[in-house]
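As structure tokens, one chain now follows by itself in the form predicted on its own.
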Amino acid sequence: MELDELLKKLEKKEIDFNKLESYLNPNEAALLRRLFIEKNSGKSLSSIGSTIIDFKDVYGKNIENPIGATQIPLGVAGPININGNYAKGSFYVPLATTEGALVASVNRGIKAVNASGGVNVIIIHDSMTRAPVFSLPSISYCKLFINWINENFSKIKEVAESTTKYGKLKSIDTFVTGNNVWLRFSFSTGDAMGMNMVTLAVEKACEYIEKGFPEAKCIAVSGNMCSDKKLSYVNTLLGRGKTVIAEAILPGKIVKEFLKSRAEEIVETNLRKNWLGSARAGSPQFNAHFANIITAIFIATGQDVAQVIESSSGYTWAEVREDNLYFSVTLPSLEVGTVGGGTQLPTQSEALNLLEVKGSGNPPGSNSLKFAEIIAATVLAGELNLLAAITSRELGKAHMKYGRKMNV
């Protein structure tokens, strides 16, 4: 049918708005859906309709009911010099944001750490988790259930891994409250962030567990002990995704020249703001703005943006060493991937390619680890500069210069 004919049928509700792809290819369906909304709302969506995305590639995979795309300004910071186990060398970092001053802020931090020898980075943990919750008839069954899980770990591992090529079950941690038992499955997932991979594997494992221990009933494949897209202490303590630590040591003259401050002043700001201020506020996040940098990189590279919640939890630490500044950031739960999800979208794919982490690494998993190290190093630079700007009372001036028009 012609688009005009289909539009009339859509208006008469003779065809389903959600099933236009049954009549048209995904690009035509997106166009017709947008035309329908424009006609009924009286609002133009021409900018939303201007996109290079081919909906044949993303419909049913990344989006439903598409009408176009949203564009966000993309800046670049760097190059930043990184000394990691996977990321070695200089990298330009793409940042997608609408916050004026963010890219400039990260850039100033990068200049300071580059002049000090770059950023050292290590990854101390790597696993994606899913934690189903089981109900048991009584507390006496909980101990029996946990024992059964431990005794049958090898078989559970075999069943779970039968669903995936790259996922490997590393451990199952148990948590009990009343007659409820959570099994926190931890997997290595190669270069994928791995959330969907792990969910499918755990669903299969739960089927096997219920058959082998019929007194246990799986209530939810995700029992919030994972903990996905929620801030939680379990992720902070045990890690989810990549646990990454980055550090730099800045000579006093660099701190003064590039950051307009002194080591002891930045240390005091960090203690009183990030540590005492967060504790007094009841916040479990002891940092200034990890989320700013991580969100911008996530959007630029096609990550699951909702996972910024747990990915941006973490700690900023600073020390005075003679006249020098020791500065580090710790990200316990950085959840990233270089394959799957939105990483295959055209602009996001190019951003990952710019970082030299696009696709699967050799060996598998190495690209996502390299990517995590780059993010942590960039977070350090942005965090360092913000604390310096606050210390030297430049924060408002910077936002006036980069984030606001003077006549606003």
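Worth saying up front: this structure is predicted, and the values here are computed from it rather than measured. From 1 onward, residues are counted along the sequence shown.
There is also a form predicted together with a further copy of the same chain; it is not shown, and the following applies to it.
- Taking 215, 99, 323, 158 one by one, only a single residue has any non-hydrogen atom within 4.5 Å of a further copy of the same chain in the model of the complex, and it is 99.
- Contact annotation: of the candidates 209, 288, 112, 172, the single residue with a non-hydrogen atom within 4.5 angstroms of a further copy of the same chain in the model of the complex is 288.
- The shortest heavy atom separation between residue 228 and a further copy of the same chain in the model of the complex is within 4.5 Å.
- Within 4.5 Å of some heavy atom of a further copy of the same chain in the model of the complex lies at least one heavy atom of residue 121.
- In the model of the complex, no heavy atom of residue 361 sits within 4.5 Å of a further copy of the same chain.
- The shortest heavy atom separation between residue 280 and a further copy of the same chain in the model of the complex is within 4.5 Å.
- Across the proposed site, 22, 25 and 188 without exception lack any heavy atom within 4.5 Å of a further copy of the same chain in the model of the complex.
- If you take 155-185 and check each residue for a heavy atom within 4.5 Å of a further copy of the same chain in the model of the complex, you get 163, 175, 176, 177, 178, 179, 180, 182, in sequence order.
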